[in-house]
Structures are given as structure tokens and as C-alpha cells.
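First, one chain by itself: the form predicted on its own, in C-alpha cells.
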């Protein structure tokens, strides 16, 4: 039989949309079953979690598009049932601000807060076209010259279920850690997309900033690098096509490092920026 044709998923009808969809229980309160498909070494990816909260706030607030989202990761989330509680802080003509927290239950049945978010939403399509910037898209080789988890002869450390849901092609110059020869530069660059072909939108940008391997790998540090705080700025609605993501760390001190990310679309526009603080487990 001939091979079935690939049908590209669309925004609103994709695995990402289904796995981040929240169900309204009562005003401001949403239920969700966190999918195991977005885990890394058993932990639910922080960008996926941010997209879940971002979707709940988009429903709760009068504006649809995240402009700035700041999250504090309090305890590790796990796949399974969760509750998102939202609160409208302020509404205005161009921006509205809200707070959201995600809770799960412990073994005793008590609610445990996993993440707390403060975010401002607006309408990206209403922004002026004037752009004055010195930022430039990252220099990444063509996608066919880059490598993803599926190209590795053995499983890539840190990759698991989420790798099957992403189209991730890493710049070879940031892959020294795979060969046991990390560059020490603390940089990671990649082409990014969703494996089912769904184009990016403002909510999926919240995933994109936290989907690459940690820059700590290129510093010669392996293992889990849990996020403490993550702030994302969404600058404009991305054009269809693959994204380019670059992440850099300049300072590791006291067991913590920062990661600064930029996300560029197919039209060479800077569509999102982020900074996160992460904890590093240094070996003695």
C-alpha cells in the first residue's frame, strides 16, 4: 500500500492544542490532565506548563495574546490531573493583567501549588509596524545540516517523550556535549517546530523558549537543570514556518545560571524573548 500522505496539523487542531486545553469548572477555575507526552526525564516540561497557564489566562482575561508572562516554579509537576486558578488583577483598553496558579494533589489529597504566574495580555495585531532594533537572527546552518534527537546513535541525555512531539534540529556547533567535548560557551541554537507541522502562535512561543537542551550541557554539566523563574516577552505574532531559537548563558555562580533566549520566525522577526533562572546540580 502507498504511504499515507502527511497531514499538517493546524492551530487549534493539534496535539499541542489538545494537551494544553483547559476545561472551565467555574468562573476563573480550570481543570486539565497534564500529558505525559511533554516530559523530560519524567518531569513535565516548564514551557509546556507555561503554555497551559497561558491558555487559561487567555480565556479568563478580555485580551487573547500574552505580552509578558512571569512564572515561578514552586514544586515539580507530574503528569495527571491539575487545577488552574486564575484571578483578574486589572483590565484596561490595551492591556489586561491576571494571575494564575497551577495546583496538583499530594498523596494525602492536599492541594500543592506547582507554579504561580503573573501576566499581561493584549492584542498583538493592534501593535504598530515600526521596528528599531540592533538584534539580528542567529546564524544557524540550514536545517538539513543540523541534528535532532533522532539522529543520535544513542538516546540523547535529557530527551524523552517530548522529543517525539518536537521538530528540533540543533546547530552542530552547540552539540559538543553529545560527543563528550562540550565547548564551554554555554550556547544552544536550533530550528524549532512541532512534529505534527502545526505553525507557531503566541501560546506555543511559551513552549519554544524552554524546549531546547539546557545550555549547561555545553558547559560540561549533565543532569536535570530545573527552572526557578521564567519570564517571556512575546513581541509579535509569528509567521508560518519553522522558528529559530538561540539560548545563551553568561554566568553560572552559586549553583544557579541564567538562560537568555531569542525566538525568530521565518520572516526574520524577533517574535519572543525570555530569561530564566535555573538551578544546577554541581558534582563535588
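Given the structure is predicted, the values throughout are model-derived calculations rather than measurements. Residue numbers count along the first chain shown, from 1.
Below, we refer to the form predicted together with another copy of the chain, which is not included among the displayed structures.
Just one of 63, 55, 235, 244 comes within 4.5 Å of another copy of the chain in the predicted complex, counting any heavy atom, and that one is 235. Among the residues 228, 239, 41, 29, the one placing a heavy atom within 4.5 Å of another copy of the chain in the predicted complex is 228. For the three residues 8, 20 and 160, a heavy atom within 4.5 Å of another copy of the chain turns up in the predicted complex in no case. Only one of 169 to 177, 197 to 205, 77 to 85, 109 to 117 lies within 4.5 Å of another copy of the chain in the predicted complex by heavy atoms, and it is 109 to 117.
Within this chain, residue 224 is remote from the site of another copy of the chain in the predicted complex, having no heavy atom within 4.5 Å. When another copy of the chain is considered in the predicted complex, residue 262 lines it closely, a heavy atom lying within 4.5 Å. Contact check for residue 249: a non-hydrogen atom falls within 4.5 Å of another copy of the chain in the predicted complex.
At the 4.5 Å threshold, heavy atoms of residue 275 reach another copy of the chain in the predicted complex. Counting a residue when any of its non-hydrogen atoms is within 4.5 Å of another copy of the chain in the predicted complex, the hits in 68 to 100 run 68, 70, 72, 74, 75, 89, 90, 94, 95, 97, 99.
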